[in-house]
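Shown below, as structure tokens, is a lone chain in the form predicted alone; questions about how it binds or moves come after it.
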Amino acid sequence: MTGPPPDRPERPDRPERVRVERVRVTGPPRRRTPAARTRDIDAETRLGEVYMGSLLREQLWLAVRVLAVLAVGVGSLPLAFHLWPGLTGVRLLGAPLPWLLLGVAVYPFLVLLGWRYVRRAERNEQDFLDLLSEVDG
């Protein structure tokens, strides 16, 4: 029996669909991780804990620095407007200066800060892999 199932009528105006196997397209691996040292990390040995601890400490220190820059950069603006009330009366391009700084200028600053954070975090991870490669090789 090669026809359509009994619950579906045959449609001569429509060709029969051919099932095509899907193929996953991937790129080449970017970099191989050193197997000997990653085994230490995966097995949670003392040496693996030291390696992971160093990476986590560096990433935490990076996050603390970025948050400090954010707190000083954005947090100081309301303080400046409080300490120097004359700044609140300044108008630039027809809008009050506090609105421009807190409502507009903050966002490019946040994007720049996030971009720098991601770049530095990726560099920390690459340095970590390089360290594992040096120790392994």
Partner chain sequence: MTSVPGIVAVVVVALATLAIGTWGLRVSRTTSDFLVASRSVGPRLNASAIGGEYLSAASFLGVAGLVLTFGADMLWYPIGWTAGYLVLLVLVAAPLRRSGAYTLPDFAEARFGSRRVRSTCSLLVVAIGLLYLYPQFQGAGLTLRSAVGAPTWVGPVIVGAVVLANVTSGGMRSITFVQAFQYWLKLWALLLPAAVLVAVWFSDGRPGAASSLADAPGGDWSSPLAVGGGQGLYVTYSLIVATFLGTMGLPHVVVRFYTNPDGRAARRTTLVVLALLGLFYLLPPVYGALGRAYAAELAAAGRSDVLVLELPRLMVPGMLGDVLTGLVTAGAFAAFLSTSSGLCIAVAGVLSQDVTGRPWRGRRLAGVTAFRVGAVVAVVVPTLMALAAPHVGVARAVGLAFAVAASTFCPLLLLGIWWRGLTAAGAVAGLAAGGLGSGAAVLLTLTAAAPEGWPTVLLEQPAAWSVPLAFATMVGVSLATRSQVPAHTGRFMVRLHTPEALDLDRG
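Residue numbers count along the first chain shown, from 1. Please read all numbers here as calculations on a predicted model, not as lab measurements.
One more form of this protein exists, namely the form predicted in complex with the partner chain; it is left out here, but the text below deals with it.
- At a distance threshold of 4.5 angstroms between non-hydrogen atoms, Val20 is out of contact with the partner chain in the predicted complex.
- Contact check for Met52: a heavy atom falls within 4.5 Å of the partner chain in the predicted complex.
- Contact check for Arg91: a non-hydrogen atom falls within 4.5 Å of the partner chain in the predicted complex.
- Using a 4.5 angstroms limit between non-hydrogen atoms, His82 touches the partner chain in the predicted complex.
- Contact annotation for 69 to 97: residues with any non-hydrogen atom within 4.5 angstroms of the partner chain in the predicted complex are Leu70, Val74, Gly75, Ser76, Leu77, Pro78, Leu79, Phe81, His82, Thr88, Arg91, Pro96, listed in sequence order.
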